[in-house]
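This document opens with one chain alone, in structure tokens, the form predicted on its own.
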């Protein structure tokens, strides 16, 4: 199995790669984890991961700057149905548009906007940073075995507002519900960082490597 982590100049790539390598090792899955900005390598991959940290617009521009990458992602993920995991801003890029500082088109894979968090409690700081408990809204193979209330690690100031409730898999409470995981078909995204979420993250990554949607 070849797992491609898309390198477009944004994201904690080394941590994500090490976490996926550990997940493959512990689950006894023969997997090569490739960090790559090459569209041909992504085309050859069995599973695709899009990480991301920073501003939505910068990340989208970085992704667009890789020759053929967005077209390849659309071909392999949307048309080809390969398992896809978006992490943090990588999940947000699946949206219709991002509203961070400027309005920027996303990949439009899951309809919705990415907008600034607005917790109801003024004592809650932005960015939302640290551990929070997951509340599940729908079952999903990649979330199997993760108990309600399991902790995951977040660092973000903007959240994904899904247009369709059926695409919302999990939330956390941070002065109101905040999207923690989204998905449809062969797509799943997490606002939290699996590579920093200890047992919860490891379980998710093992499930992702085993996932055959």
Partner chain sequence: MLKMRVIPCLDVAAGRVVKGVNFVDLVDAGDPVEQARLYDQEGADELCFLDITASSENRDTLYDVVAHTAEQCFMPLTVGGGVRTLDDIRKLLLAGADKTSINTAAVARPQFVAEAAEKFGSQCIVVAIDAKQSGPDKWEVFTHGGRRGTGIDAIAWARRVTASGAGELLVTSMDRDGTKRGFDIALTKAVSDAVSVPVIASGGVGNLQHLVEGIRDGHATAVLAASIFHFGTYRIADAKAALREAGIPVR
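Keep in mind it's a predicted model, so treat the numbers as computed, not measured. Residue numbers count along the first chain shown, from 1.
One more form of this protein, predicted together with the partner chain, exists but is not displayed; see below.
- Contact annotation: of the candidates 128, 82, 137, 97, the single residue with a non-hydrogen atom within 4.5 angstroms of the partner chain in the model of the complex is 128.
- Proximity to the partner chain in the model of the complex, defined as a heavy atom within 4.5 Å, holds among 44, 164, 155, 27 only for 155.
- At a distance of at most 4.5 angstroms from the partner chain in the model of the complex, none of the three residues 38, 160 and 184 contributes a non-hydrogen atom.
- The stretch in contact with the partner chain in the model of the complex, judged by heavy atoms within 4.5 Å, is 52-60, chosen from 140-148, 65-73, 176-184, 52-60.
- Although the partner is absent here, residue 103 is not a contact residue: none of its heavy atoms lies within 4.5 angstroms of the partner chain in the model of the complex.
- Within 4.5 Å of some heavy atom of the partner chain in the model of the complex lies at least one heavy atom of residue 22.
- Of the heavy atoms in residue 196, some are within 4.5 Å of the partner chain in the model of the complex.
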